[in-house]
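In the structure tokens that follow, a single protein chain appears in two forms: structure 1, then structure 2.
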Structure 1
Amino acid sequence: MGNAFNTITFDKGRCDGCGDCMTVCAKLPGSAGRSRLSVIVAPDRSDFELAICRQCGQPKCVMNCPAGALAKGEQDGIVRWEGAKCVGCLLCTVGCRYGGIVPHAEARQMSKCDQCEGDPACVTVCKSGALSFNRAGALYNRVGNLEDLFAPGLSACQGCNSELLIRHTLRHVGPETVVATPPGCIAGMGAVGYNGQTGTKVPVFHPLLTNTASMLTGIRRTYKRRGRDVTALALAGDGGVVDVGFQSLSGAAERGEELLFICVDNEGYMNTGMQRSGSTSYGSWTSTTPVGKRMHGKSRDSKDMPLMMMMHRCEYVATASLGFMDDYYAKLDKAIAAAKRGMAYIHVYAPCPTGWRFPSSATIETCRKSVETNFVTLWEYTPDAGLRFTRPVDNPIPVEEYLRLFGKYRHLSPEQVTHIRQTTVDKVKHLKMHARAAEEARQANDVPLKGE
């Protein structure tokens, strides 16, 4: 697998414009007195933007350097500058389209971000949390070196992030795993296999939509009885979790069965023709909630499945979005451990290019927007610590910016948008209530009681 790289990320919603990042950067030896990143105030003073070297995959500064003074590190992806070779022509600034290069014209040289070689000072000094060092690249490299337990060649729709999810999850969970893929996209895209060959390199089976949790329970218990510690992993769609599969899952959770249950929520029965499910969001077009004179997409709100699982007091419950891989990985680690003690449930929000109608190249972008608007919230729960936001978004961008990404919302009336805006706010408010309670309990040293 190729190398993935860490990045400095900027969450403008959190930036307060204090400028500490620039002050500290300018003092670093490699900066020669000029900060290598700059926070810019927007013309209407409404928010902040960041100009910083992106450590591009195919860096044009390197291509435009006539002196061979810039090169991209093969291992860490950092585009480095070699002062001894630089002639100071500043043609690198012509190559860069991101404002990532700081010219020092009078000294005939330049400077640029080198991520402080792995420990960026700007991130350390940022109090608001706007700057962070995303180490997902290191994660990819680590996981990329593990065996891919999925066969090459899946027949998922273009842009579907399930492949990303499956390959990474299976690599991470490892070979001592039995996978259940109930009817749904994941089974359909080749997980259960073709012509007598499975799509996974670990045992996989195809339960009914209704009994996934029950069958996995049996498998986990059987192996346990035989003295083998096997992870019982479900990769199920929202139909098989929120609707038809709910009864068996709820039962398994209530009994504390040791399962790692991952729900890939694309808000509907997508592989059978995009019918609505209990998880389909309000207002969505689906083939069973069409848009016409009388119907205007789905008229009901979606069930909040992860909250329901929290109410089961599972060993571990979390929500995730593949726009935030490092967050997902941290949760997967905890879930794998928790699944040895009881039910671990991860609810992955999975935008569906085919069913939601957006370009296949935009999946990760839609994931990000879902979180930045608070349409999706990233949190985790354990009976001990209660609910905790893992990536709180305090100044969300308007939810309309999320809605407008999808064809399935194109028909929304202003009233429907208002409804979505309101439920989004209400949902966050409700979650915050839980988070606050957990926080208060922690402070009072009065840890919530585990179990009954």
Structure 2
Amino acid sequence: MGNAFNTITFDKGRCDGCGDCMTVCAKLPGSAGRSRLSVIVAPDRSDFELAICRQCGQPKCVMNCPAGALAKGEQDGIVRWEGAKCVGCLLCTVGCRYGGIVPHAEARQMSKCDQCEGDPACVTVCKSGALSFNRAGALYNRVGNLEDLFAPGLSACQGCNSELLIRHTLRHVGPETVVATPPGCIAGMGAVGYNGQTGTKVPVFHPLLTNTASMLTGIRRTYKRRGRDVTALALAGDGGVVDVGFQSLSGAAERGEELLFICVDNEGYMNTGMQRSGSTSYGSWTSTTPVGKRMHGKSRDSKDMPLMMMMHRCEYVATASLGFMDDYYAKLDKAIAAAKRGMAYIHVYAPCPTGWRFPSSATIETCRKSVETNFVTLWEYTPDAGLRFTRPVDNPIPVEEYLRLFGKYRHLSPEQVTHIRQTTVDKVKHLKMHARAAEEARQANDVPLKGE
């Protein structure tokens, strides 16, 4: 497996053309007063583009350089310029289609981004969130060679978010794991297996919707009594968590059972015909909340299961989306450790192409849009540190951009859209209240967050 590399990404929909990124870059040592990136603004300020070195996998600037003054780092992927070798031919600029390398005549040097050695100043100063530092490359290098513990040849729907989740989760949790998959998409799509075999390379069992947490509790306790440390992992759909399985899950959380419980929330009972669940969002079409003269989708707001688990004072609670894998892996690390001391709960928002009516190729786009609009908020909680956000929530894009992606929302009236917009705002306000209280308590006690 070759190395993957981190990269600076640009979301022009968030850019306001303030120019702060260029200002801070021009002040960096070695810049000679010139920014190594440029925001290109349309005359009417309706559109923005970014000229910056993409640190290409096969950089044409390096290939075109006859003097060997440019070279791509094997460990970090950064294309660096060595002035002592440069002959000033400018052939590198001819090869770059992104405007990422330009001559600086006054300083007699080529100007290009070096990502500030892993901590880009432009990203730090960008208040709108248009610039971000994507660390997926480092994540891939860390986990790419781990064994896939989910068998190939599964019967998941095309574009299924749940299959992506279970593969990444099992790969990271590792082979010393016992998995519970109650009835639902995960069990149905391949964990059950075929020809008398399971679909996983670790022990897996299939409890009822009602008793997943209690059965997994018994297994964890039995292994522990025998002196063997295994991770007791539940992968359950929202129906088996927020509805049918809530009683046993709540009891296990109240007792502080040592479980890693992951809810895969696709907002419905998708495996049996797309019926609504307590987690189904307001206004959604499902087979039990149809759209017609009298009904216009689900008439109730969704149950906020992550907050309910936080109120149980679990050892660790987090929300996650596979549109942000570095965030998910960081939370999975913490949850694995927390599950050795008590209940760890992760609520993963999982768009369903079949039930939500969107193209299977757009799964990751929908994951990202849900977070960028604050329809889904990413946060984590521990009893000591309280709640804190792990992704910005202050500059969301309009929630309508998320709603228009799905067929299940196609019927929404202006009044329903207004209700969803206000509910989203209210939810963020409520979470901010918890986050603010946690920060005030931490400052009053002068207790640093772990990792500081």
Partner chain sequence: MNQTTYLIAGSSHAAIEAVAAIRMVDPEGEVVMATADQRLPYSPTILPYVVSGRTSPETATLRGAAWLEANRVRFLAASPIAEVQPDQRQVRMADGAVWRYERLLLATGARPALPPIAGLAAQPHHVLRTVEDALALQAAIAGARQAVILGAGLVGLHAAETMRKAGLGVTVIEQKSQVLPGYFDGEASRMIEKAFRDHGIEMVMGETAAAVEAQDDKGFRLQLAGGGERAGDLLLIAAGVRPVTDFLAGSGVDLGQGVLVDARMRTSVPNVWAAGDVAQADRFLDGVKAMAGILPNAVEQGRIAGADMAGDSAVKPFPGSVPLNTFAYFGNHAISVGALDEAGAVIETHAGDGCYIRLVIAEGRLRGISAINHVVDAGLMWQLILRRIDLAPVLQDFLARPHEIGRVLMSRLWR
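It should be emphasised that the depicted structure is a prediction, and the values quoted were computed from it without experimental measurement. Along the sequence of structure 1, residues get numbers from 1 upward. If you superpose the two forms and keep the largest set of C-alpha atoms that fall within 1.5 Å, you have the rigid core.
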Form predicted in complex with its partner chain, given as structure number: 1
Going by the rigid parts that rotate relative to each other between structures 1 and 2, point to the one of Gly218, Gly144, Leu208, Val39 at the hinge. Gly144
Can you give the rotation, in whole degrees, of the smaller rigid part against the larger between structures 1 and 2? 28
Fitting the two forms on their rigid core, what distance in Å separates the Cα positions of Asp11 between structures 1 and 2? 5.1
